[in-house]
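Shown next as structure tokens: one chain only, the form predicted on its own.
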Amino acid sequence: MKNYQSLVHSWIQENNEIGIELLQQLVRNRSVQANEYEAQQVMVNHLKKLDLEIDEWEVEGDIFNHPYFCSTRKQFLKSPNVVAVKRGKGKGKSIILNGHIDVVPEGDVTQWSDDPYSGKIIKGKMYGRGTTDMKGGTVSLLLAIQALKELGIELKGDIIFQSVIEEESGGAGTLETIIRGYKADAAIIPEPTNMKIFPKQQGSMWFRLTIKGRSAHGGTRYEGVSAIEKALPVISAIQALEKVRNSRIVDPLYENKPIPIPINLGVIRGGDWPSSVADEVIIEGRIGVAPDEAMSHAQEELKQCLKDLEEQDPWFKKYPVGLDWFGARWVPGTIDEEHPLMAILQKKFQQVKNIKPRIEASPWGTDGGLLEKVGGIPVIVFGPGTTEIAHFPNEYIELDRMFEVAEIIALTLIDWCGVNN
């Protein structure tokens, strides 16, 4: 019997430069929302070298009416999805390897030590927006596929590689792959998990609150009603709701998360003149959704929380707090911890790392929820990036972790899809 671990390990160690050069090319293309085209062409050019069946297309059509469609934009011109298929020889299990090409903006460049898209390598770390979230993980997938190809290891099951757009704003790219007909027996998404294995992932939704007041001159502010002051009990009520919702989370996979499903208030706007009483405040935020919770349940709880304010203050009965759901949304997801792919991935992790993997629940959402809820595909989230520095200045990835994940994924594919002897 062939020692596949030794073969894969040697190939990856001998071909580190392929992964480094590919990651640098991807990082140096600033693939923020609506600017994904050039990075996707880098992807296509590399996939052609792997002799895969390539499908490149722009999101359009019926997706805009799909109940799970969510995006901050309404057209996707020059923002293609890319899917590449490595056909198996038959009678094996198939798998989707899903990565997103879009990155969040770099923010204040003065907080970066170098160009945010430099791809510079310092002491084994590559720096740049998207290195950890999640182009490094995507390169791990591609190295795994290339290792199998060049080692002549033919699998029974299909491998479906996906490089999708729009993950950072709701998952329209992955939703479109499902609508287009791409399905498999399971999926892996290499988001930055610090090499922990996430069988569960929370969802989240953006919301907007509108709090009304009554304007008056600042010199006689007692004649008005300050929306800013009325916002204070609203914020307190949401903080109390967060405690209630999190008190129900008893899943041990969340034991290392002080707030498993946070409610974050990220934007507040109110008033238009220092000498006037503010007559309106807008608060925008994000509510976390438990892996096994219906998104409609979370929505109803926030709605009821705001409704209860009417019993505490007559003002809210006359002027109820407005609640709108807008912008991005991530669907929660879960896979049975006894699923065969979980067992294989843990076994291969231990073979490569010589330690047992840590199993936790994701503190954020991914496209995995869509693959599971809409596509009916069991999903595991596992990748090389560092969660704590995703979306941060000086984002980086440890290159050794990227290569280790490539090796683990390759060995997992061999066991899951089966080798064609």
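All of these numbers come straight from a predicted model, not from anything done at the bench. The first residue of the sequence shown is number 1, and the count goes up from there.
Omitted from view is the form predicted together with another copy of the chain, to which the following refers.
Problem set entry | Any non-hydrogen atom of E229 within 4.5 angstroms of another copy of the chain in the model of the complex | Within the cut-off, so yes.
Exercise. Can G266 be called a contact residue for another copy of the chain in the model of the complex at 4.5 Å between heavy atoms?
Worked result: Flag for G266 set to yes.
For this session: Give a yes or no for L323: in the model of the complex, does one of its heavy atoms lie within 4.5 Å of a heavy atom belonging to another copy of the chain?
Result: Because no heavy atom of L323 falls inside 4.5 Å of another copy of the chain in the model of the complex, the answer is no.
For this session: Indicate whether another copy of the chain has at least one heavy atom within 4.5 Å of a heavy atom of D272 in the model of the complex.
Result: Looking in the model of the complex, residue contacts with another copy of the chain include D272, since a heavy atom lies within 4.5 Å.
Problem set entry | Selected contact from P252, G90, P314, G218, since only one has a non-hydrogen atom within 4.5 angstroms of another copy of the chain in the model of the complex | That would be G218.
For this session: Check each of P80, G213, P116, G285 and return the one that places a heavy atom within 4.5 angstroms of another copy of the chain in the model of the complex.
Result: After the contact test, the surviving option is G285.
For this session: Just one of 302-310, 339-347, 153-161, 219-227 has residues with a heavy atom within 4.5 Å of another copy of the chain in the model of the complex, so point it out.
Result: Careful reading of the contacts points to 219-227.
Exercise. So which residues in 231-249, when you check another copy of the chain in the model of the complex, have a heavy atom no farther than 4.5 Å from it?
Worked result: Result: L232, I235, Q239, E242.
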